[in-house]
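Take a look at this single chain in structure tokens; it is the form predicted alone.
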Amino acid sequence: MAMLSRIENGWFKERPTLWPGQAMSLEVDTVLYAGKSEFQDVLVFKSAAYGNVLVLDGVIQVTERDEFAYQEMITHLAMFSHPNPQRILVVGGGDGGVVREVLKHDSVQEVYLCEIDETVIDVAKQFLPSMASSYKDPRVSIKIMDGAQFMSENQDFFDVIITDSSDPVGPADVLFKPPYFEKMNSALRQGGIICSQGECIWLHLDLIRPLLESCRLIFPSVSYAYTTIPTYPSGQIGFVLCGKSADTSFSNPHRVCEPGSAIQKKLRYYNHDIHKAAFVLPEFARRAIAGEKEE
């Protein structure tokens, strides 16, 4: 099986084409699942240091040890930037981690998860229960279908849309193109906000820059943030945030996660200072994204 061939001498090695010249390895304790869905290769293994690991098409998606650094940031950067998020759509994110984080906001009344690959949900329920247990909440509705189609059927409907996608290869490629962002814009209510996985400033500035330029033609408010996470390429991943209102300032969110509050006690990475700092980019990335030339 192709996925098992990536495990050599007890180590899983990630060598995707999107970051040539470097590789990420994790020591494997036990292979828990290896199969092929309708859309992609799916592997789950118990690692020696990072707990259970979900891999899609050879790329690490989540590990139990560090997933919160990604899940909390892709969720709460958007959720706290909205004054009253009630109806939420999560596209992708079949592991359930983003849904888990969304549900921590008391204002939330409905959460829709739109995942094209049901196998991801099934293996998450079995092997990643700390994330997939969120599916038991009665506010959650699961839709096994294309996210763009679902949004076309639900115009002017959501307060926040979070796209927790894999990299722009295979079924996730369309989630990084302008037509998809146009569909998100149409599916948002007035004042709505989107947050999408935005790749890595160390590796993908040539992808990030034109994507943000396209977003600025669609949304009046656009920004870029990032978080650190050990098992993603170069230990970092970014987020594209867009708002339907020009008054939205992502680095100064509408709501503050107060120290000692009920929601802050549930969080392991995100806080208000981290929120503000996430938008302060290293100078090389800021210049590149702004279209400035290096001296």
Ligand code: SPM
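Residues carry their position along the shown sequence, with the first being 1. Quick caveat: nothing in here was measured; it's all calculated off a predicted structure.
Not on display, but discussed next: the form predicted in complex with the ligand.
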*asked:* Can you pick out, from Ser134, Ser165, Ser223, Ser81, the residue that has a heavy atom within 4.5 Å of the ligand in the predicted complex?
replied: Ser165
_Proximity to the ligand in the predicted complex, single hit among Val42, Cys242, Val59, Ala69 (heavy atom within 4.5 Å)_ = Val59
*Heavy atoms, 4.5 Å, the ligand in the predicted complex: which of 231-239, 27-35, 253-261, 266-274 makes the cut? Say which one.*
231-239
_Check for me whether the ligand, as it appears in the predicted complex, comes within 4.5 angstroms of all of Leu205, Arg209 and Ser214 - heavy atoms only._
no
*Please check if Glu101 has a heavy atom lying within 4.5 Å of any heavy atom of the ligand in the predicted complex.*
no
*asked:* Is Cys200 near the ligand? Define near as a heavy atom within 4.5 Å, in the predicted complex.
replied: yes
*Phe279: touches the ligand in the predicted complex, heavy atom cutoff 4.5 angstroms*: no
*Is there any non-hydrogen atom of Asp95 lying within 4.5 Å of the ligand in the predicted complex?*
yes
